[in-house]
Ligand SMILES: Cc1cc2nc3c(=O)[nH]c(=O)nc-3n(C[C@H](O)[C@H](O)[C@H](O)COP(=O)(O)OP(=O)(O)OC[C@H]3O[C@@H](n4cnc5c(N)ncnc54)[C@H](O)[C@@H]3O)c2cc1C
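Shown next as structure tokens: one chain only, the form predicted on its own.
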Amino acid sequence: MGNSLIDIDGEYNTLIIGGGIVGAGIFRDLSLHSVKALLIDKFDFASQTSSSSSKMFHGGIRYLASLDFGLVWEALHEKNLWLKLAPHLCIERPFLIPTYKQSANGLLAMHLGVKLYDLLSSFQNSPSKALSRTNIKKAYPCLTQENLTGGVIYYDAIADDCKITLESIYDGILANKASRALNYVEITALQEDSEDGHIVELYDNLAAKKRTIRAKNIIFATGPFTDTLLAKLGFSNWSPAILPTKGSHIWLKKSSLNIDTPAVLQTKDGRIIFVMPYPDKILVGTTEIILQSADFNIRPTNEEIDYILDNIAAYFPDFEANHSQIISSYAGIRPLVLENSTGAAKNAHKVSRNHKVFTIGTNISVIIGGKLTTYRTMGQKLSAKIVKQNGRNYDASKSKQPLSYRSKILPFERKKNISPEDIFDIITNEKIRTFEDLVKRRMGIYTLAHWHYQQDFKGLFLSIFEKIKDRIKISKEEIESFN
């Protein structure tokens, strides 16, 4: 799985710009159909929105209120498909929704809602159920008891967004030896060529090298950064179409909440917050704040973190709502589609999660919006058009096969030991270019508080530094300062 901009071919059928989950899905689909494709990303793959979600594959139970049954139906069927295709990355869990007298949606409404959810899954979901006030008090004594009326249990999946993105890319590379994927490579110029194609200038941000290639088809799958990039490239026919909304999450210490079942909390401002216990920590989120522009590598503010902590405390009276309970935090930007050209919606959580595809030039397409869960199907119309353009039949079922490469480090395994050989294997096979790629997105270690191996973190990496320093961008200072 080489990473060199210099070593790639000079011509590709399709260039996909954006190595998040949507771009990864299209790249995989085209490669499975023997289309020679090149995928690029300005930073590491899945380093932005696609590693900053609530880490769920779900139908979107809250979209029932907006009567978006088509989206929920599709997402539920995709979720249940991925439970079979990637059980190492996607696991079904029961989700609890407690109801109170003051809840926007009471017990009866929630019970009807989860039964409709089961129906829309074609009953592939494990069956939901209602819980009486007595039963929920007994099963979940950690919850606030005042005004409690009962609750419901329904089923969705927790999933590793980053790993699914990466393994989709690996699968595309293995499916078609002519296809390539390059991280830290961006597009800097594009012009139409007279031979029914495009001349594209690429730049490697780590190697500081330029390269010009030709591609017949161009697909922009750049999520919340689409408007900015297209303006930079001079697409005067493009009007802003993104409503960037920020979602922040926190990882809590496992001991901070006495709950093992994922919970869905209805907030006073009409939103929901997910509480998802893992074996050694708890993920909680998310916020939804409309931004004026989309920036890379954003972080949660203290105000956003306090909003999450306060909502947890409203449901769990024994919870200590302070920052000492937090292991780490992260934020990402959802690329919602502007519903009209007059400006942003007042309530981002009411904006549809459907995706849209635009044609902005000869064989130049833009895809925006959508849900993490439906990434496999989002780009299928684009893929079908390109496959047929090449004189082949498009088979939508090809992408229903299991992913062919399994990551060395898996999210739901907690091995006690990791060896230098494991690190070498990851560097060789999993598209690593920097120390951050290795530690954060391939190993899942976002801070030292996430390190669960018996080996000393700094000792391990310092011991192999000389062997890997010429293979990835790394320094002893990075290792020493990682916290």
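Heads up: residue numbers just count along the shown sequence, starting at 1. The structure presented is a predicted model; accordingly, all values stated were derived computationally and were not measured.
Another form exists, predicted in complex with this ligand; not displayed. Remarks below refer to it.
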Among the candidate stretches 64 to 72, 443 to 451, 416 to 424, 47 to 55, which one is within 4.5 Å of this ligand in the predicted complex when only heavy atoms are counted?
47 to 55
Joint contact, Gly18, Asp41 and Thr373 to this ligand in the predicted complex, by non-hydrogen atom at 4.5 Å
yes
Heavy atom to heavy atom, is Pro335 within 4.5 Å of this ligand in the predicted complex?
yes
Can Tyr315 be called a contact residue for this ligand in the predicted complex at 4.5 Å between heavy atoms?
no
Hey, in the predicted complex, does Ser383 get a heavy atom within 4.5 angstroms of this ligand?
no
Is Phe296 close enough to touch this ligand in the predicted complex, meaning at least one heavy atom pair within 4.5 Å?
yes
Among Ile164, Ile219, Val185, Val284, which has any heavy atom within 4.5 Å of this ligand in the predicted complex?
Val185
Which of Lys79, Arg180, His249, His111 has a heavy atom within 4.5 Å of this ligand in the predicted complex?
His249
Within 63 to 90, which residues come within 4.5 Å of this ligand in the predicted complex, counting heavy atoms only?
none
